[in-house]
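Shown here is one chain on its own, the form predicted alone, set out as C-alpha cells.
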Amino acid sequence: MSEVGSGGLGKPIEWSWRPNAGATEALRYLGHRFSNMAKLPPAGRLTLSWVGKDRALLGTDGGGYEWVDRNDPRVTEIRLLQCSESVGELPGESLASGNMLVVGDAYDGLNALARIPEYADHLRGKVKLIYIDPPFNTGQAFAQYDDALEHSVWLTMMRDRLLLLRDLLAPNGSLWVHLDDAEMAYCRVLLDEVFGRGNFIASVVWQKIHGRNNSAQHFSAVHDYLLVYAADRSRFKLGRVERTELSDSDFWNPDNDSRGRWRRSDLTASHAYEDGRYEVTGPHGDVFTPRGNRWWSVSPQTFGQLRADDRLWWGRTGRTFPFRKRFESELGGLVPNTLWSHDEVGDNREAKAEITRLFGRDAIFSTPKPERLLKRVISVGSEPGDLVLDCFAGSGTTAAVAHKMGRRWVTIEKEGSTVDAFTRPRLEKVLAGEDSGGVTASVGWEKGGGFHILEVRPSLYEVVDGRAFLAEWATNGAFAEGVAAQLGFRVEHDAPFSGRKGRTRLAVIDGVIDGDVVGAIVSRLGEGERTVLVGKGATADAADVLKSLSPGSRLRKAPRDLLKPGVVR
C-alpha cells in the first residue's frame, strides 16, 4: 500500500508498506524505486520513500545543496579537520578528548569525527546525549539560515546526518530531535528506519509560546516536538526531573512521624496478583480486603513488614482502609512527563531575552532555545562528565548549558558568520564567567574550562566534466593527512611513513613512485610489517617490484585508487 502526497515543488513523497507479498509483485509495484531484492526492506517494515532517496547532497557555496551521485568522491571522502585555535584553559587535554566547536557542514564534520581514528577513538559510540535543532523546513528565510528546502532535499539531508549520529551515539545514549509540525511526522518514520521503531522512547511536547495569536488562520500554534530515540532501548535509562512545590503539595505528617513528611500511596492493584487476596485487620479489629476487581499490590509478608515499620496509615481514627506511607526524604526526582510547559522550561520569549542580554538588542538570533529547556534535556539524558553533541549549533545554547552543567561537548555550526557573531562569543562568555543569565545560578556555574575550534578542510578532490582530480592544496603533509583519513590510517610522522593501521604502514609520495622509491620504503619496514604505498603516479615496474620485495603490500595511485564506491545506506 502507498499514499502519495506533496513532496514540495510538485515532487511526490511516498509512505510505503511492503507486506508479505511475493518479491515479483513488490518489485512490480515499486519498480521505479528498486532494481533488485537486496534493496527491499524486510517484509512488513514501514519505510519512507522520496524522490532522490538513492542520491546524495553536496553543499554549495551559496549555502544550499545540489544533487549528486552517491559515488561522487566529494561525498564519499572524509574531510580533514584543522584546529585553528584553542580557547580558555585546556591543561593536558588531547584535541579529541576536549570540548570542540567545529565550523563546517554537519555531514562533513560528523563524518570526520566518526571515521578519522584520532577522533573516532574518543567519540565513536561514546556520545551519551545528542540534541539537535535542525532547520524545521517551515518555508521561511531567517537571518542566519534559509529554512525553505525542497522536501526531498530536507529528508536526504536529515537521513545522512542521522546515520552518522547513530554511529557516534553510545549504546546507552539517546537522540533528541527538535522539530515542529512541518516535518515532525516524516522525521518520525525516518528515525524509525535509522534507529529502529523499537527504540522510540517518547514524543515530548514543548510549549514554546505563552500566549495566543488571534490572527492565525486556523490554530494558534504554541508548541514544538522533541522526538526521543535510544540507541538501545534495553540499555537506556532516563534521569529524573527536580521535584516541584506542586508535586510535593500533598505531603503531610499528621502522625508526627520522626521520618518527616509523607504522602499516601494506594496498596491495591487492578491486575491479578497471586498473593493479592487476603484479609488484614486494622488497629481496632476492623477487617479489610480489596473490593471488586482489585487485589493487594503486595504479599502478606510485605504487608506485615510495612506494618511493623509503621509505614501504614489507617486514617486519623485508625478505622479506614489502609494506605502506604511514602516519605518525602526517601523519594528521588520525578519521572519526566511528555508535556513541558513554559513555566517549567522556558519559552521563545525567554530564549530571545537571554540572547539580548548577552549580545544587545541589535544582534538578535532568529531561533534561539531557552537554556532551561536544554537544562531539562541534559539533566535527564546525561550525567556530569558525559559527552553531549549538537551538530546544528546556532547560537550555541546546547554547548553553553552543557558546559555550565559539567558535561563535555562537541558542537558543529555550518555558517562561519553565525560562529563569529554568536556561538564563539557566547561560549567565551561562559568560560570567563561573564554569562550570569540562563541557568547559570540554578546549576551553580562560575567560570573555567576551554574548547578547541576546528575547521572542516576543503575537499581533497575537484570534479571536472565527471572526472576527479586532486585539489591544488593536496601537497606534501596535507596530502599525506588527507590520504590517511581517506584510508583509515592513524597519522604517524615517522619518515618515510605518515600513518599506521596495526602492522601496516602508510607511505605517501607527493610525486611518481618508481622501483627505487619502492626499495627505499620497503627497506624501512620492520619484521612482519607491510605497507600501503600511495603516490600521484607510478612507473610500469613499481607494482612488480613492491610485490617481489614485500608480498602483501599494496601500491595505490591518487586520486583513482582513493575513491571509494558510494553505497546507498
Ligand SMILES: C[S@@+](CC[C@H](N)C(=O)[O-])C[C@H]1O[C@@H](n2cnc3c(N)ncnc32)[C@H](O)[C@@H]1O
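Here the structure is a predicted model, which is why all the values come from computation and not from measurement. Residue indices: 1-based, along the sequence shown.
Note that the form predicted in complex with the named molecule isn't included here; everything after this is about it.
- Of the candidate stretches 126-134, 92-100, 279-287, 206-214, only 126-134 contains residues with a heavy atom within 4.5 Å of the named molecule in the model of the complex.
- With the partner omitted here, the residue from 391, 485, 175, 113 that has a non-hydrogen atom within 4.5 angstroms of the named molecule in the model of the complex is 391.
- Here is the short version: of 73, 322, 368, 499, the single residue with a heavy atom within 4.5 Å of the named molecule in the model of the complex is 368.
- Shown alone here, residue 105 lies within 4.5 Å of the named molecule in the model of the complex, counting heavy atoms only.
- Although the partner is absent here, residue 344 lies well away from the named molecule in the model of the complex, with no heavy atom inside 4.5 Å.
- The named molecule is not shown here, but in the model of the complex it comes within 4.5 Å of a heavy atom of residue 65.
- At the 4.5 Å threshold, heavy atoms of residue 438 stay clear of the named molecule in the model of the complex, well away from it.
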